[in-house]
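Before any questions on how it binds or moves, here is one chain, the form predicted alone, in structure tokens.
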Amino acid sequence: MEGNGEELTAQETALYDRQIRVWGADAQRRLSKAHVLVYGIKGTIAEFCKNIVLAGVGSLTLIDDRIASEEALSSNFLIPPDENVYAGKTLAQLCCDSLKDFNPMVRVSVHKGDLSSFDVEFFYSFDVVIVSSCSLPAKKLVNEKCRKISSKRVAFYTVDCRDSCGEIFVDLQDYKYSKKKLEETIECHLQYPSFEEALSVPWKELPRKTSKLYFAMRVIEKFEEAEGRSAGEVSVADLPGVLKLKRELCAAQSLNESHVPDTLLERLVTSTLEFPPVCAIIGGILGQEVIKAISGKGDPLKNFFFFDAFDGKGIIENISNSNA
């Protein structure tokens, strides 16, 4: 993302002509040399992958060893609907085959393995790492490994979509970028906290208008971790336990329980399947943010984004220590 790299080929210039007119040849060149890793391919990630492949990223590596099921078809349009085609294949394999058809100029590949088992050197190969459908400890661990790479900056994102709600977390570390203000180009600088640092901010120190989704997502993450569940492995039968944990966390964090409505938690545990229109919105925003991070142009999101289809609002929250 930082280097000069090679110039665009004539074929690339012709194929990406329209978007070059929007964000410039330099941004497109950076994008065409960038390497993106995604882990956990549900509906929102499928939307993101489609967007980033069509935009012309250099390479996209997919990791998801789960075997495709009929349930996955509900939100992941990259999976062929024919059971004879998807039966016995992993989500990564199926999505890889579909994405190659979207843009043959992008190198799409599959890597197998457990996310937590990869060392720091593995993540050095990428400019952007995006994780979904994984546990709270795994998110923290991968973010930490990305930050240990001192010779380059690896942008890190988490994305989670449950029912009609979605969340994106962004860590661009020490990030410099440019933006246009009238006829002038302004150089900007942002310092991002890690995922663990952001979550360590006491709830009572956050603004009163902080999104209720932020607190609700943290309660469910903590519940899944405490119960040894995989991400999204909750149901309405878990609601009493989730509500009990909410009360405990609110008491420990000195937060009024009204900031984490029971009705919101009920929605999130009753239907853990993704709502396709929300996948499209969250996946589209994630794609825009990754392109901005790679190109170094435009104001990036700092550092959480929340969307709830019930009110149609997208909210950006800066969850970080005051001195960050």
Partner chain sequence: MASSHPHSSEAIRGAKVLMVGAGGIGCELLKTLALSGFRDIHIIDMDTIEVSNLNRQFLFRQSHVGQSKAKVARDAVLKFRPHINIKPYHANVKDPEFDVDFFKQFNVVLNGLDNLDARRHVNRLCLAANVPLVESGTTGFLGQVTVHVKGKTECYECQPKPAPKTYPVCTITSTPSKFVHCIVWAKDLLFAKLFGDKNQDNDLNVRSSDAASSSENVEDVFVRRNDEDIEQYGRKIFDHVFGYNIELALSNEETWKNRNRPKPIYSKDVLSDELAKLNGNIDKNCAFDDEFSVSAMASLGMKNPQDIWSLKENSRIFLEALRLFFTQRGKDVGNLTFDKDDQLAVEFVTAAANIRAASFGIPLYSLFEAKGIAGNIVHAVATTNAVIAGLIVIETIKVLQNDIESYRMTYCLEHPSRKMLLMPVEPFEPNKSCYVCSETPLTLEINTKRSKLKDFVEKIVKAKLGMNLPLIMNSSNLLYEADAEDDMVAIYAANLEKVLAELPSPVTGGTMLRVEDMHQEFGCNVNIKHREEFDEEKEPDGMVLSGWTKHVSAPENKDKPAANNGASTSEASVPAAESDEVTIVSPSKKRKLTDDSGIPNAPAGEARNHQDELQVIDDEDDLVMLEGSMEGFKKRKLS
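Residue numbers count along the first chain shown, from 1. Treat the numbers as computed from the prediction; the structure is a model and nothing was measured.
Form predicted together with its partner chain: not shown, discussed below.
- Although the partner is absent from the chain shown here, none of 66, 241 and 244 has a heavy atom within 4.5 Å of its partner chain in the predicted bound form.
- 281 is the sole member of 281, 260, 255, 27 with a non-hydrogen atom lying within 4.5 angstroms of its partner chain in the predicted bound form.
- At a distance threshold of 4.5 angstroms between non-hydrogen atoms, residue 173 is out of contact with its partner chain in the predicted bound form.
- At least one heavy atom of residue 51 is located within 4.5 Å of its partner chain in the predicted bound form.
- Contact annotation: residue 234 falls outside 4.5 Å of its partner chain in the predicted bound form, judged by heavy atom distances.
- Within this chain, residue 73 lines the site of its partner chain in the predicted bound form, having a heavy atom no more than 4.5 Å away.
- With the partner omitted here, the stretch from 101-109, 187-195, 219-227, 136-144 that lies within 4.5 Å of its partner chain by heavy atoms in the predicted bound form is 101-109.
- Residues of 74-94 that come within 4.5 Å of its partner chain in the predicted bound form, judged by any heavy atom, are 74, 75, 76, 77, 79, 80, 81 in sequence order.
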